[in-house]
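The data below hold one chain only, encoded as structure tokens and taken in the form predicted on its own.
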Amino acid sequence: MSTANPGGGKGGARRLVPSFEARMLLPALLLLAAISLFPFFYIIYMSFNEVSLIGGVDFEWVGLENWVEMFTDPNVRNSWITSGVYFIATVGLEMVLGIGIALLVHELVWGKNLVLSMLLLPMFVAPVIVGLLGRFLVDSTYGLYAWFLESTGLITWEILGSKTSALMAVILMDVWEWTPLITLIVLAGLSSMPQTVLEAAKVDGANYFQRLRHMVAPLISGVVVVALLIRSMDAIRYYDIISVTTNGGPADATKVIPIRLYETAFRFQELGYAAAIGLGMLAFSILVANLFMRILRGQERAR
């Protein structure tokens, strides 16, 4: 923003004039705002209505009925519990495995690029393909994993037909695909560490675990929080793998809140209720993001 002094004097009023770049960007910004804000406020309006698609789109004002139902519906509550289990298990395993693999790759002397390229391959596979591949591998008739587990006596039943094993299967599929992302982010943080400081600590007699605890961990803590934030935002709304493997079954064991939202909107045609559920997901995502941002800002202040 540039300023101008129409009064001509030193004490004249100062008027803010948009810069040339701001004026050029303004039409695009207004268009993006319209594209983003209109659907958002439209969904908010839908959440206070009962929406009917018979003979066209028809709105009937119901006030807070959809919101009250969302907080009292046991099916939605169970889906949130399932989502919580899925969220904690996937993000937790991915963070532990991703950090561990990143530390191992960082210590490699030769072949680091080749190993990293092989590790990153699952991340570039479409989630739908990951789900189809996982369903094929755990099929009791011709699946390799199912055959191995049955041969060793660990699992002798249909993996996707049992509540516990079905949820564990989709969790492991997600972990297989997105652990490389955590590895890549953490490895970038490890590569940016000041090597002279680490070498000085090594010369002073600090062993690997002492350097890892007192030097490496504080240096990459901000990167780890960023990786945690990225995966958390994605895990909350994850849909693809579960949709093509179990579609929420068996007996709603894997029906996370995005699957419940999809069924409410497109199977039962309760669009107003689905809008309330979607806004609830948005509110939860914002709370999680704010939590991690506070942690990140606290780390920056501590430094």
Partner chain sequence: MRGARQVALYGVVALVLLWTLVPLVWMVLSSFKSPDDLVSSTPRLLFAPTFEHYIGLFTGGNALGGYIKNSLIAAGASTLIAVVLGCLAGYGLARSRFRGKHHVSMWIISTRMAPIAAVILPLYAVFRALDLLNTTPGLIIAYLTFNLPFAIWIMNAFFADLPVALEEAAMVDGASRFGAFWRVALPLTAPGIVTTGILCLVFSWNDYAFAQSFAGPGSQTLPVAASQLITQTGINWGQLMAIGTIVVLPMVIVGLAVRRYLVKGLTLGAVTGE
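If you superpose the two forms and keep the largest set of C-alpha atoms that fall within 1.5 Å, you have the rigid core. Numbering follows the first chain given and starts at 1. This one's a predicted model, so the numbers in the text were calculated from it and none came from an experiment.
Not on display, but discussed next: the form predicted in complex with the partner chain.
Student: Looking in the predicted complex, is the partner chain within 4.5 angstroms of a heavy atom from every one of L25, L37 and S243?
Tutor: Looking in the predicted complex, the three residues L25, L37 and S243 all sit within 4.5 Å of the partner chain (heavy atoms).
Student: In the predicted complex, which of the listed residues (L219, L116, A89, L198) lies with a heavy atom within 4.5 Å of the partner chain?
Tutor: Partner contact (heavy atom, 4.5 Å) among the options: L116.
Student: Name the single residue among L212, I81, L154, L104 that comes within 4.5 Å of the partner chain in the predicted complex, judging by heavy atoms.
Tutor: That would be L104.
Student: With heavy atoms only and a cut-off of 4.5 Å, decide whether A274 touches the partner chain in the predicted complex.
Tutor: It does: once the partner chain is placed as it appears in the predicted complex, A274 has a heavy atom within 4.5 Å of it.
Student: Mark Y262 yes when one of its heavy atoms lies within 4.5 Å of a heavy atom of the partner chain in the predicted complex, and no otherwise.
Tutor: Heavy-atom contact with the partner chain at 4.5 Å: present for Y262.
Student: Does M70 reach the partner chain in the predicted complex if we count a contact as any heavy atom within 4.5 Å?
Tutor: Residue-level check for M70: no, no contact with the partner chain.
Student: Answer for I185 alone: is it within 4.5 Å of the partner chain in the predicted complex, judged on heavy atom distances?
Tutor: Output for I185 is yes: heavy atoms within 4.5 Å of the partner chain.
Student: Does anything in 118 to 138 come within 4.5 Å of the partner chain in the predicted complex by heavy atoms, and if so which residues, in order?
Tutor: Stretch hits, in order: M118, L119, L120, L121, P122, M123, F124, V125, A126, P127, V128, I129, L132, L133, R135, F136, L137.
Student: Taking the rigid core as the superposition reference, indicate whether the CA of V68 shifts 2 angstroms or more between the shown form and the other one.
Tutor: The answer is no; the displacement is under 2 Å.
Student: Using a rigid core superposition, assess whether L25 undergoes a CA shift of 2 Å or more between the shown form and the other one.
Tutor: L25 C-alpha, core-superposed: shift of 2 Å or more.
Student: Taking the rigid core as the frame, does V288 move its C-alpha by 2 Å or more between the shown form and the other one?
Tutor: After core superposition, the displacement of the V288 C-alpha between the shown form and the other one reaches the 2 Å mark, so yes.
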